[in-house]
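We've got the same protein chain twice here, in two forms, each standing alone as structure tokens: structure 1 and structure 2.
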Structure 1
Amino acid sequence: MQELEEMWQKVLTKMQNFVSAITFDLWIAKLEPIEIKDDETLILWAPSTLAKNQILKNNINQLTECIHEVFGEYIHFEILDKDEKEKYLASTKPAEELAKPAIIADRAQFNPKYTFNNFVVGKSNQFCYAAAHAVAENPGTKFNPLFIYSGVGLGKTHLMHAIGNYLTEFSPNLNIKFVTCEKFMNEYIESLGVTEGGKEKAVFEFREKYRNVDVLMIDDIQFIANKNATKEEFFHTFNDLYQNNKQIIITSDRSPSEIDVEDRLKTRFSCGLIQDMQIPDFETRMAILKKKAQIERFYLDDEVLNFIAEKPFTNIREMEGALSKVFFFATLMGKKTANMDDAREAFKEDIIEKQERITPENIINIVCEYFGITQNEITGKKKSKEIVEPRMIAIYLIDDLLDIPLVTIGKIFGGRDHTTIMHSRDKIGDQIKKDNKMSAIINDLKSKIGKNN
């Protein structure tokens, strides 16, 4: 082997006379000899398919001449890229030598707290979870690319890290790269900003970094919009990986159709599987809170968990932050378990002023007067449209203005369960966004409630 290395160095020395310094540094110098097969074929390794194709296209004649001068005219040569090298070695090396992985996956990229085991699955995310798990088990064969989108704080990044943690444990030989879109963009811009003499090399090294992987994970791809140079580079990176059956996983805060990119890139995003994650329902929020409390060793009454889960949080991070806040107030008082007193203390800045000025009875009376119905009708069992809509509006206003538990609101309205109350609240909330008439009614009622207190 030492003799082969010495002879190869002579080939490299001769090649420097035939090609430019940049070409030599970028392509030729990176070639490595593996062995001379059957005394007639020199096997060389190029670090990427791009490098191999560049040499075969532009430097084949010079390289042939230099190899013949050093090894003799009878010697042929063959250049292998990374995948071809692995297959070649697999057919020639002893089994015990092949057992050692060529690449050890970088675990530091992934948060060890984010795994499939501690991801709470519910109706809002079950399909995303199933798709992510399938990709982790068989990267590059199922759902490629996998595109997951949702609002902020609903679990996209958790799933990305869960995939990464799974792969590093069960497929440690894979080359995995996890990066935010912003970092990808900044690194590409930096490579373009290198002085002219080293620019070609810097761009080549950037491309090698992201195209010579088995799994590429890009978080928050929506930031690529309006970044024309980065979009072009990512398009070619995507194509290179996809054509070589390498797994691509992408997250975004919006669907591909809503991202400001060219149709050709939207088409690439859509050629695999697209899944969206919704705001979790009450049962899933409860499960998430219980899991969070278990992991962080928070001890709370179930009533407190219900109180937090009932609040209309728009994302999981806010909800988990509320949980931490309640437990923090409990620990300040020297308690090991948080109860409703601690929950009210934690949120008193948000609700105390409202509770001092406004009561559920005030709101119900004003709504009844506004719609010309009685208190018995609005809290009773009648289900006619003339009664149901005012009832839902009163429920919405009580929840919005007072932030009292849904269970308590249910008792006020004839013992209705909290899911019925939640449905009424959410239905009016949705109507306000879509229906100008409903929005005007709510604003009018809020104004009357304010003037009467």
Structure 2
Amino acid sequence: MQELEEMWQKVLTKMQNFVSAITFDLWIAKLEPIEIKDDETLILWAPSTLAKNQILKNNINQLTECIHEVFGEYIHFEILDKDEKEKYLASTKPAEELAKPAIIADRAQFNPKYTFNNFVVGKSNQFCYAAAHAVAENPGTKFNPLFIYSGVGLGKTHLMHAIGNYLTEFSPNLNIKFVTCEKFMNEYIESLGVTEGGKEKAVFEFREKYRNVDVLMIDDIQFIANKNATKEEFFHTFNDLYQNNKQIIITSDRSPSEIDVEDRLKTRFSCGLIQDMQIPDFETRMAILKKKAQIERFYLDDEVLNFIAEKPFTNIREMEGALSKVFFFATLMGKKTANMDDAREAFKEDIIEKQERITPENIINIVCEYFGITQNEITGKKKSKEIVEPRMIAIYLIDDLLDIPLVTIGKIFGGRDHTTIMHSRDKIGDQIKKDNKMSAIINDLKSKIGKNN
């Protein structure tokens, strides 16, 4: 088990990369860790009020980053000066009850709000939920690997963290590692880049970290496509863990057959259980909004929740964003509860903002660039699949994001009839519901459109 002092040394080593030697010696090196309070707050002591204020003023971001890297993303910290430390120690419990950092480090990888309790179960996700729960109860025995896939923002990361939160609570002796595919990749590449004789050690340490676990969770595995060295490394990590009956949990925004990896990796994924989630129906969306409002202490009329749940969100994160926005709007107006007037106002502003910034032309540009076709092709008469699908997608997006008549959209697309436009829109709308790949494409494009404006 790692001691607090040992972990703190790691934070210091990292901090040395961020600050000047003088700052380090004068302020940072003099901080001392006292304990981790209530499993969530690292209490640090600074020898003077000046030291405390200097750090809070100049180094707070770097310190936060280093602490998160070593202790986990969900650990907070507090710096006490001399007086505060004395008061703190007088009011706190005896030393032997102090928290055990190794376990904390495991727990702090997981968002405490992403629990099974906070996950609303409906038709769209009941099998995934059941599988995740079964794995949390009996890791490494049933469903190994567990492969969860769905469109963006439908609860994959939430479920993965729920397994993590459950395991750290009920099986605290297990060594659990959560990592995004991107981080796994970056760390591996970094270890390969180490030179001057340290490379073997760096790769060895990387392997130790990911193969020496009881449960490995990799979030968003689709990013591994085209990364050959990382794919190879992951394949061996996978085999190693699998042969030793260690639990592997993977999420992806598309099914194994749709990810660009070799067949041998696809075969590995299908040894266990592959389970998908769909877009939740109205009742489930309503229940999710209620839960979220309750967790965040948002007070909203049921009518408002209904109004938001009725909108055809394909991404729960965006739906939650709409909820926060309405509540925020009401708070700005000095109210404690949001009603329908606030909701209408909040959305009205949204529509006007969008209309001002986004035009059919820039949607068309972004779609053309995404699929590597020209504007003449997208608005022209060609009927080959490579052109027709992007055309229908552009039509869908223009209709979805902008408030303009179908007839006008028809004109933009070379004088097409409004029924043709309607057909394209509905076809893509249907596909989004059935096909995760399509909903991933639409989400990608929407975020590009949002960023470009």
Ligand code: ADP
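Numbers follow structure 1, counted from its first residue as 1. For the two forms, the rigid core is made up of the largest set of C-alpha atoms that agree within 1.5 Å on superposition. Please read these numbers as outputs of a predicted model, since none were measured by experiment.
Engineer: Of structures 1 and 2, which is the form predicted together with adenosine-5'-diphosphate (ADP)?
Structural biologist: It is the second structure that is the form predicted together with adenosine-5'-diphosphate (ADP).
Engineer: Core-aligned, does residue 370 move its Cα 2 Å or more between the two structures?
Structural biologist: Shift of 2 Å or more: yes.
Engineer: Verify the C-alpha shift of residue 281 between the two structures: is it 2 Å or more after superposing the core?
Structural biologist: The answer is no, as the C-alpha of residue 281 shifts between the two structures by less than 2 Å after core alignment.
Engineer: Aligned on the rigid core, do the two forms place the Cα of residue 77 2 Å or more apart, comparing between the two structures?
Structural biologist: After core superposition, the C-alpha of residue 77 moves 2 Å or more between the two structures.
Engineer: Report, to one decimal in Å, how far the Cα of residue 426 moves between the two structures once the rigid core is superposed.
Structural biologist: Its C-alpha shift, to one decimal, is 7.7 Å.
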